[in-house]
Ligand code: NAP
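Form predicted alone, single chain, as structure tokens, below.
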């Protein structure tokens, strides 16, 4: 029986690369039918802030599989990304982005045998999109990392490695600086790695990972990382093998899968019949493997490789003078269906197992207590003046002002250095030793008192979970 998928052509060059991809899939004999829906720019222009209409959501809920062209996203203002909205609404928590050296596509790394995959967490981290203006001139973004989210992406990374017969998995994190958020991924990775003794595992600091990818990319096989890091690293890796025109991706969840090219809508090339459709074609190949259509997937992958080997190349590879058009490139691939390249054989692909993905609730500490609060205050006062004022405000309560920091660095009591402060401060207030737990009533009184003389922005409880502090120290805090 044919499998029904949802097709979203996308914006800009999206319809052109989608037409090419669907024509090739149809010619391969894959048992696929599609239902065309829309999202992105055309929907934003209709006044829908999400960029994704209900009819598209209904189709995805029905088919469970999406092949999507690039969607235009307003930059720096207005609506959220429709791409991110789709990933988050359908909990496609894992983003898989493979890159492989290709024939005919010459780069500084040609001959190095690059064949690696970035497995990127896809719904948490800074991409949660939780931002605020603390003051009119100071913005913040919350980096949200969960225990469950880390377990899901780590297990997906190892299971993906097994499905392709890969033998080495790295975890790339910035856990040397962000010990609680990025550190949670590192700790989860190291725990779960023991369940995969057949796969070599190692942790690497993400900036060193970027350095090593440029220096010696062939040492990597699978890289598991957080959302923002994965977005950056996967664009870097695509450049190693010829650019975003060759970069496919899969967004995988427990029930929904969305396949898309990594590149954007490239509006300046719209309608020129010059765009490279390979990224979406290879995304379609990933989709076919997800659906169990391994023969058709391998046939298309090999046809693309044979086409590139024959010197049929698009504008992004050889420039305008020698370029093959999008439609001619597509027809060449269709003609090469059934041919194989002995130099670039396909892997022995297997289905990815997601059976171990956790559904358990978050861990619960046996003992917890609130030992203080961080109160974020907007003020034009100097750190010394603000510190003295807050100490007076808190007199009579069983609490003590330990410090004030500015952008994470202690400024009161003075560290003895010159600092250029902004008008957003954090006051760290602890309970006294005589108090076992800082009650909500006392916290409300703290906020009430501070609010009489200062603007406070928000508050964070400082907690102790089973004897472990739930917060980091400011730079300079003892």
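Residue numbers count along the first chain shown, from 1. In this text, all values refer to a predicted model and were calculated from it rather than measured experimentally.
The form predicted together with the ligand is left out here; the points below concern that form.
S.K.: Where, among 160-168, 315-323, 291-299, 181-189, do residues come within 4.5 Å of the ligand in the model of the complex by heavy atom distance?
M.R.: Single hit among the candidates: 315-323.
S.K.: Could you check which residue among 151, 72, 221, 378 gets a heavy atom within 4.5 Å of the ligand in the model of the complex?
M.R.: Looking at 151, 72, 221, 378 one by one, just 72 meets the 4.5 Å heavy-atom criterion.
S.K.: Pick from 406, 265, 341, 92: which residue has any heavy atom within 4.5 angstroms of the ligand in the model of the complex?
M.R.: Spelling it out, the residue with a heavy atom inside the cut-off is 265.
S.K.: Using 4.5 Å between non-hydrogen atoms, is residue 260 touching the ligand in the model of the complex?
M.R.: Residue 260 belongs to the contact set for the ligand.
S.K.: Is there a heavy atom of residue 269 lying 4.5 Å or less from a heavy atom of the ligand in the model of the complex?
M.R.: Yes - in the model of the complex, heavy atoms of residue 269 and the ligand come within 4.5 Å of each other.
S.K.: Heavy atom to heavy atom, is residue 217 within 4.5 Å of the ligand in the model of the complex?
M.R.: Output for residue 217 is no: heavy atoms all beyond 4.5 Å of the ligand.
S.K.: Within 4.5 Å, heavy atoms only: does residue 225 come near the ligand in the model of the complex?
M.R.: Residue-level check for residue 225: no, no contact with the ligand.
S.K.: In the model of the complex, do 100, 174 and 213 all reach within 4.5 Å of the ligand through at least one heavy atom apiece?
M.R.: Negative, none of the three is within 4.5 Å.
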